[in-house]
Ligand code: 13P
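Presented as structure tokens, the chain that follows is alone, the form predicted on its own.
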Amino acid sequence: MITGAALYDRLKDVKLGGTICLFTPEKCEQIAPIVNEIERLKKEHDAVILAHSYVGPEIIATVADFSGDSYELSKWAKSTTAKTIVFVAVKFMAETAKLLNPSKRVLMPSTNNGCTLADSITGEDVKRLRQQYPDHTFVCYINTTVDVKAQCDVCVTSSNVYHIVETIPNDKIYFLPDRLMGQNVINSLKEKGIEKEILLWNGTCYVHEEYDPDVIQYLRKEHPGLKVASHPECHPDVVAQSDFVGSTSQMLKFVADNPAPAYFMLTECGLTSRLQLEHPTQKFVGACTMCRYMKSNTLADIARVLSSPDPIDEIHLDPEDVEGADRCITRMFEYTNQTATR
């Protein structure tokens, strides 16, 4: 049983994230009973809670059994022995968990589980593209729905996209749906002297595309010695001015391994909140750029789906999509463990 005082002690160092991530002793007193109820329900229903680093810090710091990026959560979903998975993120990630655990119950607590990136393309779009580009290997970012994955050859995440695209033996790639990530991959390959024809779909994450490279220059002047880490969903001009580019898990490691007087993390501000929990003495600067979809996950809804879920809260997959999507995910794990062919 956690008390409000103990919860406040965990969360008091979160200072970047707007009012939604501002924790007072009074707020923590209100949260504590819900946290204790969720812990009871987890045991009662043999449930595990997987939470993306972008969700609220009150979830990461309390009820989450595992937190990380999409690739880490995919691995944990694959290895869990729990009968029920509560996936605190967005729907396409919960679909991946269901693909990897077809016999398990997967619940989604978010009440607004869309994604501007995933919603930019459908499986029917990919079918048409494959007819147009029959010689291309179709690579989809994990931020896609299951019907899109079912039509693609291999899935990638922000932590393995550069390696997998380089490793694929085909020199003709169609990368979807993230145009900015795809351009960053093209630029990275060119720096290595690798020429591949990479065609791009015109999707973006509304959070990451907001970042302006001019902000980096301003903050570097304001904070000498500033370390800047960006996500590969950001604009190439932002990536070019960053000290490090990688997935959220890789950005966490970058901060741990690279001491600096201050850090600027160019990704959804949930990651900065998590870093403030893990590194309370470090200084993090910049404004909060928040994903309305990730932040729609709440402790109250986690408790609700564990105690009395609505039918819409449970993830079900179209059987016609399962085989192709499972193959797409499996190829991701296979390519991740391969050495690049060049």
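When you see a residue number, it is the position in the sequence shown, counting from 1. What you are looking at is a predicted structure, and each value in this text was computed from that prediction instead of being measured.
Below, we refer to the form predicted together with 1,3-dihydroxyacetonephosphate (13P), which is not included among the displayed structures.
Let me test this: is every residue among Met93, Tyr141 and Ser247 within 4.5 Å of 1,3-dihydroxyacetonephosphate (13P) in the predicted bound form, going by heavy atom positions?
Yes, all three are in contact.
Spell out, yes or no, whether the shortest heavy atom distance between Asp69 and 1,3-dihydroxyacetonephosphate (13P) in the predicted bound form is within 4.5 Å.
Yes, Asp69 sits close enough to 1,3-dihydroxyacetonephosphate (13P) in the predicted bound form that at least one of its heavy atoms falls within 4.5 Å.
Answer yes if any heavy atom of Ser158 is within 4.5 Å of a heavy atom of 1,3-dihydroxyacetonephosphate (13P) in the predicted bound form; otherwise answer no.
Yes, Ser158 is a contact residue.
Find out whether any non-hydrogen atom of Lys98 is located within 4.5 angstroms of 1,3-dihydroxyacetonephosphate (13P) in the predicted bound form, and reply yes or no.
So Lys98 does not count as contacting 1,3-dihydroxyacetonephosphate (13P).
Give a yes or no for Arg274: in the predicted bound form, does one of its heavy atoms lie within 4.5 Å of a heavy atom belonging to 1,3-dihydroxyacetonephosphate (13P)?
Residue-level check for Arg274: no, no contact with 1,3-dihydroxyacetonephosphate (13P).
Contact stretch among 227 to 235, 193 to 201, 76 to 84, 212 to 220 - heavy atom within 4.5 Å of 1,3-dihydroxyacetonephosphate (13P) in the predicted bound form:
Result of the contact check: 227 to 235.
If you apply a 4.5 angstroms heavy atom cut-off, which residues in 34 to 68 are near 1,3-dihydroxyacetonephosphate (13P) in the predicted bound form?
Read in sequence order, the residues that approach 1,3-dihydroxyacetonephosphate (13P) (within 4.5 Å, in the predicted bound form) are His52, Tyr54.
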